[in-house]
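Only one chain is included here, represented as C-alpha cells and corresponding to the form predicted alone.
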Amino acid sequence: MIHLLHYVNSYISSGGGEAEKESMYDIVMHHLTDHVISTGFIGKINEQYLSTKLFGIFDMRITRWVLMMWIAALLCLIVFIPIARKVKKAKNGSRSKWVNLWEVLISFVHDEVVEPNFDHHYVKKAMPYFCSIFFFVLFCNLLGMIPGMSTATGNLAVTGGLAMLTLAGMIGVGMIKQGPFGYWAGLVPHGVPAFVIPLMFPIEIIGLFIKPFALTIRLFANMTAGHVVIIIFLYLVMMFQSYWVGIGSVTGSLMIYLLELLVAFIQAYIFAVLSAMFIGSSMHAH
C-alpha cells in the first residue's frame, strides 16, 4: 500500500508523467511478490554473509516475508510467555484485562477448534500445537495490514509450509494411533468389495494430499484478494484524476481494509479448525 501511495503522490505532483511508467500490473506484483531486503542492517547481512547459496541450491538471504514470519513468531513469544507465567502464579485467576483478553482467545481455540475434533484425553496434548498455528497465522495476517509491512500468508510457500505440517500431523498421528499398516489400510472404507480396493486406494491417497493443498490455496487466496482490491481502489485515483473518484476510492479502500481485519481472524480460525478436523479424523479408520 505504501508503494502504491508513493506512486499516487508522484502521479499528482508530476501531472501523471513518472507514475505512468509503472503499470497497474507492476504495482500489484511488487506488492504481492517477495523481495530480498537490500537496505539497512539486514541488507548488509544478506550481502556479506548470505549471498552464497547453501549447497549451491538454497538461497538463504532474508526476504521481507521471512522477516514478517520472524516478527510473528517473536510476537507469539513476547505475548504468551509472560501471560503463561502470570496465569501460573495467579492460582485464583488473573485480574489483568490484558491476560483475560488472551485467555478468551485461547478458550476459543480450545472450545471451537480442538475439543470438537479430538477425544477428551487428547485435547490438552493438542492445544499447544493448534494455539501456535492459530496465533502465528493470525499475527502474520494482521502484520500485513500495517502500512509498510507485508502479509507472509499471502505467499504460497508459507501457506504450503503450514499445510505440510498438517499433512505430517495427519500421517504421523494416524500411524501412531492405528499403526503403520492399520493407518494406510484404513484409508479405504470398511465393507468395500475386494475388487474395488485397487481403485479406491489411489483415490484415497490423492484425497489425502488434496486436503493440505486446499488449505494452502484457501489461506493464500483469501489473504491476497483483499490486498489486490485495496490496490485497485487506490489506483483508480491515478486512472481518472478526479477528486470525486478519489473520495470514493479511499472510502472503498477503507471499507475493504476493515473487512480484511475480520478476514484475518476468520482465516486463522478456518486454517486451524480444518487442520484439527484432518488430524483428528486420522486417529480413526474409516
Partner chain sequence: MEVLKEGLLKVDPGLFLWTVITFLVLALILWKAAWRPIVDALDARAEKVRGDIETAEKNRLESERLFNQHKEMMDKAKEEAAHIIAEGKSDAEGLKNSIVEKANSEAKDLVERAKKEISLAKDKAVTELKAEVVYLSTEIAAKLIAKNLNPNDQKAFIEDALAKIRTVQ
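What you are looking at is a predicted structure, and each value in this text was computed from that prediction instead of being measured. Residue numbers count along the first chain shown, from 1.
Quick note: we don't show the form predicted together with its partner chain, though the next part is all about it.
- For its partner chain in the predicted bound form, the listed stretch (202-210, 181-189, 142-150, 73-81) containing residues with heavy atoms inside 4.5 Å is 73-81.
- Its partner chain in the predicted bound form comes within 4.5 Å of a heavy atom belonging to residue 33.
- Contact annotation for residue 161: at least one heavy atom lies within 4.5 Å of its partner chain in the predicted bound form.
- Within 4.5 Å of some heavy atom of its partner chain in the predicted bound form lies at least one heavy atom of residue 66.
- Within 4.5 Å of any heavy atom of its partner chain in the predicted bound form lies no heavy atom of residue 258.
- Taking the partner from elsewhere, every residue among 58, 87 and 220 has a non-hydrogen atom within 4.5 angstroms of its partner chain in the predicted bound form.
- When its partner chain is considered in the predicted bound form, only one residue from 114, 131, 167, 173 comes within 4.5 Å through any heavy atom, namely 131.
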